[in-house]
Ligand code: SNW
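A single chain comes next, written as structure tokens; it is the form predicted alone.
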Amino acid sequence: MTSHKVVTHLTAALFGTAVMFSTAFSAHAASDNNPYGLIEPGHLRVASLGDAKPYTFTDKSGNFTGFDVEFFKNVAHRIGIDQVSFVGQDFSAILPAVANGQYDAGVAAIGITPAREKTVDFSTGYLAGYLTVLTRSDSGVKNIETLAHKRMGVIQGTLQESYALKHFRQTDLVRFPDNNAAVSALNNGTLDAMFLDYEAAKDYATRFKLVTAADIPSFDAPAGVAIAKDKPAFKAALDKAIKEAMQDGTWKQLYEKWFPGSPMPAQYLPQGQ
């Protein structure tokens, strides 16, 4: 081999090594820049609901607000992210969209259940509450027993749907994509009742002069932040931030703001309160 060829091959080898090193360095830098594996570093895209007051809903200006929204933004700030974008989805579409990477997280008072954990991972729980049977005063639904052979609306993919399938076997369940559609059907007489979250039921009862037929405790599936599988650093950061927000009183302050007068789970309060 001539000296020219030796130099050429040596140069190519050195260049290849440099490219490999540069690629490895870039990958490492990208990882450092995006430790939580977000779609866009420093920006959280969140799938949510626009009509689940007081958890997540859009105000008159079209901006997302509510307990879950304010709490998650606080949690995001604690892990170093202040750019958080909420996008409205049908409830049943949230977890698949998070699982396939369309969104970084799902935040909409999403109860943690074994079935849902097959699709996504969850942060530690941050909220627990009650389920309510909401009805009209003339429907004939007075309690759980009188739901038999009645038409009751549920939101597809929710804990309420799962609970109703298990416990209200003689009730005719009608599935809807969101609360507003179900309430409309209840008001126009298509439904006899609807099954929804306690806090949302209070708001609808006030707005449309509806009545409560039953309140059912639901502390076995607390709400958590849904994230894609195999993101341990992201989950660990969220868990740590959520616990900090509970311990320093932020969670309590937001709960009192959005759920005035509602029962307050002791496990989410600062120690000693």
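Quantities reported herein were computed from a predicted structural model and do not represent experimental measurements. We number the residues from 1 along the sequence you see.
There is another form of the same protein, the form predicted together with this ligand; it is not shown, and what comes next is about it.
Can we say 109, 127 and 131 each have a non-hydrogen atom within 4.5 Å of this ligand in the model of the complex? Yes, because 109, 127 and 131 each have a heavy atom that approaches this ligand to within 4.5 Å in the model of the complex.
Whether residue 116 contacts this ligand in the model of the complex should be assessed with a 4.5 Å heavy atom distance threshold; does it? Residue 116: yes, in contact with this ligand in the model of the complex.
Is there any non-hydrogen atom of residue 159 lying within 4.5 Å of this ligand in the model of the complex? Output for residue 159 is yes: heavy atoms within 4.5 Å of this ligand.
State yes or no: in the model of the complex, is some non-hydrogen atom of residue 72 no more than 4.5 angstroms from a non-hydrogen atom of this ligand? Contact with this ligand, no.
According to a 4.5 angstroms non-hydrogen atom cut-off, is residue 49 in contact with this ligand in the model of the complex? Although this ligand is absent here, residue 49 would touch it in the model of the complex, with heavy atoms inside 4.5 Å.
Pick from 233, 39, 211, 221: which has a non-hydrogen atom within 4.5 Å of this ligand in the model of the complex? Comparing distances to this ligand in the model of the complex, the residue within 4.5 Å is 221.
With the partner removed from view, which of 239-247, 202-210, 39-47, 222-230 is the stretch that lies within 4.5 Å of this ligand in the model of the complex, judged by heavy atom distances? This holds for exactly one stretch, 222-230.
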